[in-house]
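In the form predicted alone, a lone chain appears below as structure tokens.
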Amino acid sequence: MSDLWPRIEPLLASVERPARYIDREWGALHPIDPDYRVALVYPDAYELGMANQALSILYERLAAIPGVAPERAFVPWRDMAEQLRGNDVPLFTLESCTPVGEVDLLGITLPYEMTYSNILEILDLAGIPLRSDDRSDSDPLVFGGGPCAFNPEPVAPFFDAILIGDGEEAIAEIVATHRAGRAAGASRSAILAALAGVSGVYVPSMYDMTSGVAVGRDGAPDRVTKRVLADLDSVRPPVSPIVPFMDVVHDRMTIEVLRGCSRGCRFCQAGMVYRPVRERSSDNIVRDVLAGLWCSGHEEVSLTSLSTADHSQLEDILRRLSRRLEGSGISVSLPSLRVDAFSVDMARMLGGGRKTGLTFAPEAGTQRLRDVINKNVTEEQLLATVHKAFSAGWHRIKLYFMIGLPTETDEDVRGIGALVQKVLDTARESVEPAKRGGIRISVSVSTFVPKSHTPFQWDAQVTPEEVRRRQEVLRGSMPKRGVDLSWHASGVSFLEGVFARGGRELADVIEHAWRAGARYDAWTEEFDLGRWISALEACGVDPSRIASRERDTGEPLPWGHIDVGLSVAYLRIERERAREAITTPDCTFDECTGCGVCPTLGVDVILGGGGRE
């Protein structure tokens, strides 16, 4: 393997944030003479990728396999990419400065649709052919996985294989299959055929898509069923994480306490595709938090999941951590709190006793629309929670909403402003008059994007023009003082919708836009909608037909061959219930709602410490 460091070091003086490209962070691993190297690449800058839990989990899982060296790489910023190309230096791994094109397996995370152009930047800088069909036996196997894998088609031609679902157990099988195939002298196509037999692995080249319905060839299954880690406690989370030299997004220790969500919000893809709910036990959570803090030196730990407040033993966990961390200055945080699960005592155990801001997500401004999306949160619950929090000493709150939801009217949009006004009034009434001037309400409003495997996967996305009109309605409804309002750019949300529900025809669009300079499209200052519109036109793809067209519930969908365990009948029923604003209860607390996940996947729901089994 080549060591590129002598060629890389001279370039660092001329680029922004050279710490993005150097090694030897605390916790980084350097196996001696490994016989198999894996480059884990996050398709964005170092400071975002280092906050990704999946990368950290897979890094440790790979390190446990004898002879395997996990290494990291990230997308160089434009200045460093220019230096690499200008000096004929390929993309490299951090740990050993090995060219990414010389590793055995290249794993690229698929976190967000707006990172797709960066996938091609990775491959090009590494000297790897962009399309799987153009690669030879000497090229690394290019694997994908992550949230966007549940509709892999827009990027499928760029990958040799894509893992659908959980990776903790699958990664060892993937590596073993590849190593065995190479040891036997198998060709690249034979190795890919063997990988198609690994549970959860999708090999795009083995599927015929000409009819609009995926058909497996040469033994590949017609439907690829997602991989599920049944017992979260069976795999310990990373407790000796890599500690970056520079500030990164979410610069803190993270421990996943829960996977999956059964709340059933109809807009939420993650809540649907990561079912069933699996808890990590309270004893293991406390143990791993303390071990991780000891190894990393972080001053904050986040207990992460889709809905951490739903952990059956959360208050006990927070109480135990509060007692063990008392006087240390270390704080515990949650990604967000549920209005119906909030307690002042629990909130006081967060933030190390400091009155930090609280975050809640009502999602919609009227009860009718909250019932449509099955949010199962009422205005009365929100206002009662606000009263409890501000009476107990909090003075800042952040609220998340969406516009463009199915059946939304201008009355629903104005309802956001009306609800925010009620929250502001309740907060002011809950504190002493002298403190009312310091109250701030942050309101963040995103644009709804219909996603695959949800009850709204057939619904039309609101056009960018209509989004901008509704944003103006929203602006006019907001209180004039005490509120900070922000929203997502309509063009970004529209393109996200195109990628979220499109098929393989978009691969040509992505390549065209990348060749025209598209990079870092998730960054506001780098995004250029015109570049993408030109690419869509050049490739003869109508984006409105993909994003803004309501689909018949019987028509083939690009992701129809990806089986996440949910029955299509359940999604159709949930869509009908949404149209009638009928809510569906959480199956954790009520009877089974018939989504089909548990029997389809053959998984017994394993809940830690007292949850329903």
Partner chain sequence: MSNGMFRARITYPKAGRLRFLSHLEVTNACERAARRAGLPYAVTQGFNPKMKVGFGPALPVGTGSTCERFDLWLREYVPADEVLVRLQSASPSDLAPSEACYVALRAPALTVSLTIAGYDVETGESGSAEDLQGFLDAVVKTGELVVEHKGKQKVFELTSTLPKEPTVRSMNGRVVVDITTRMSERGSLRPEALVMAAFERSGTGGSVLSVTRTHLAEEEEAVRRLL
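Keep in mind that this is a model prediction, so the values were computed, not measured. Positions refer to the first chain, counted from 1.
This protein has a second form, the form predicted together with the partner chain, left out of what is shown; the following refers to that one.
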- Message: Using a 4.5 Å heavy atom cut-off, which residue among 244, 181, 271, 101 comes into contact with the partner chain in the predicted bound form?
- Response: 244
- Message: Counting any non-hydrogen atom inside 4.5 Å, which residue from 327, 530, 476, 86 sits next to the partner chain in the predicted bound form?
- Response: 327
- Item | Heavy atom of each of 12, 19 and 295 within 4.5 Å of the partner chain in the predicted bound form | yes
- Interface membership of residue 411, the partner chain in the predicted bound form, 4.5 Å heavy atom rule: no
- Message: Residue-level contact is defined here as any heavy atom of the residue lying within 4.5 Å of the partner chain in the predicted bound form; does residue 94 satisfy this criterion?
- Response: yes
- Query: Wondering, does residue 299 line up within 4.5 Å of the partner chain in the predicted bound form on heavy atoms?
  - Reply: yes
- Query: Quick one: does residue 169 come within 4.5 Å of the partner chain in the predicted bound form, counting heavy atoms only?
  - Reply: no
- Query: Among 22-30, 551-559, 570-578, 51-59, which stretch has residues with heavy atoms no more than 4.5 Å from the partner chain in the predicted bound form?
  - Reply: 22-30
